[in-house]
Structure formats: structure tokens, C-alpha cells
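Have a look below at one chain only, the form predicted on its own, in C-alpha cells format.
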Amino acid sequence: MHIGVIGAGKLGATLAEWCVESGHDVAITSRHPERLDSLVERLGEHGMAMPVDETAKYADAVLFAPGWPAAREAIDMAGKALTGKVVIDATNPPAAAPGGVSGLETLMSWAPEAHWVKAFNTLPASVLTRRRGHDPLLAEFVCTDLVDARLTASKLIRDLGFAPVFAGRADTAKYVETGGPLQMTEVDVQDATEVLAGVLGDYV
């Protein structure tokens, strides 16, 4: 696949490198893509830096990993290029108020033409690096309303050395985001169903 990575912080850069290692072609971007030369050099011939809108146009799927304060700006910069694209939301907004909407739902309201799915946000890059590809596989929780987004995110999660676990629709994403019971929770895939059932039983 062609993967577009919006956000070149620690998580975005790490995921970009893993995507290249897994055989994908990667375009990465930030507010200042001209400053990404060293990262692009690490990505090698299968990586490049582009402006935000061109990154989105290039991509079959987008990994969306800016800091939350920059998320709206990144969406505005991408513009219509996100239309119809699977966008994997790896952001963490401030903790939602009880009964409030998830960060994923907020992004969906800002760019409703994109096919949004939540993943890669519960653990920092350091933990993902330690657990990547190791048996038992680390569970990566996936939240979305859309089948194509779920399938695309699940494929990429497997490619990068983790195990996708469907955690529910977009309104469930608040459980994996800041303040949620699954945030910063390191779960092996064989335990994920039990852990998820316990969380949903306590919170629904």
C-alpha cells in the first residue's frame, strides 16, 4: 500500500519506519515537511516527504498522528484529499467529559468524508517497539463504524507486528483514549477479549 503519515513526532516517525520495513511505500508530512530530511533518509527509497494535502492524495491509507492541538489544522491542510480515504486516528485528545464524544467522533465531524478508524493510540512508541512482533502478540484495539476502515487498519496492524482486536464503534473510542480504561493498558491478544468484555461491562 501507499501509506501517508500525517505527523512526524515519535509515534508517526516510528510507524512510518515500520511501514517501510513491512513493504509499504510511505509519504510523511508535518507542518514543515522540508525539515524531515533526516527521517526521509532513514526511510530510504520507499519514503518521501510531501506537503499535507499531497501526502493525503498519495495515500491508499493515512496514519493520522499529529499532536491533538494540531489535529484540526492538519485536517484543514489536507482538505478534500481525505475524501474516501481510510484514516487511522492515532491521536489522544484531552480526557472527555463523562458522556462526551470521543476524539475519534470529533475528527469525524471535522472531516466526515474520510473513513475514520481508531488505532495505535493506547501505548507510546517505546512500548510498541519493545513488543513489536514478539509472542504473544500485543493487542491493538480498533474502533470504527466502517467495515473498510476496520479491514484496512487490521491489515496494517498485522503487517507491523501486532494483533488487531475490534473494540467497537466510534463511540467506544473514548475507552481507548485519554482517561479511558484501556489507555496505557498493555494487553496480550489472548487476553484481549476478556479485558474488553470487562471494560464494556463496567462502563456501558
Ligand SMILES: NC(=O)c1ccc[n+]([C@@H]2O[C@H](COP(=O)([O-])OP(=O)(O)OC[C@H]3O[C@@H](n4cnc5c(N)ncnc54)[C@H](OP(=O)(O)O)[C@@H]3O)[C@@H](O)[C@H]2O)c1
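Just count from 1 along the sequence shown to find any residue number. The model shown is predicted, which means the values in this text are computed figures rather than measured ones.
One more form of this protein, predicted in complex with the named molecule, exists but is not displayed; see below.
Proximity of A81 to the named molecule in the model of the complex falls outside the 4.5 Å heavy atom cutoff. Using a 4.5 Å cutoff between non-hydrogen atoms, S30 counts as a contact of the named molecule in the model of the complex. When contacts are judged by a 4.5 Å heavy atom cut-off, A65 counts as touching the named molecule in the model of the complex. When the named molecule is considered in the model of the complex, G9 lines it closely, a heavy atom lying within 4.5 Å. Taking a 4.5 Å heavy atom cutoff to the named molecule in the model of the complex, the contact residue among L138, V52, I157, L43 is V52. Listed stretches are 149 to 157, 22 to 30, 54 to 62, 166 to 174; the contact stretch with the named molecule in the model of the complex is 22 to 30, by a heavy atom cutoff of 4.5 Å. Contacts between stretch 113 to 132 and the named molecule, counted in the model of the complex as any heavy atom lying within 4.5 Å, involve F120, N121, L123, P124, A125, listed in sequence order.
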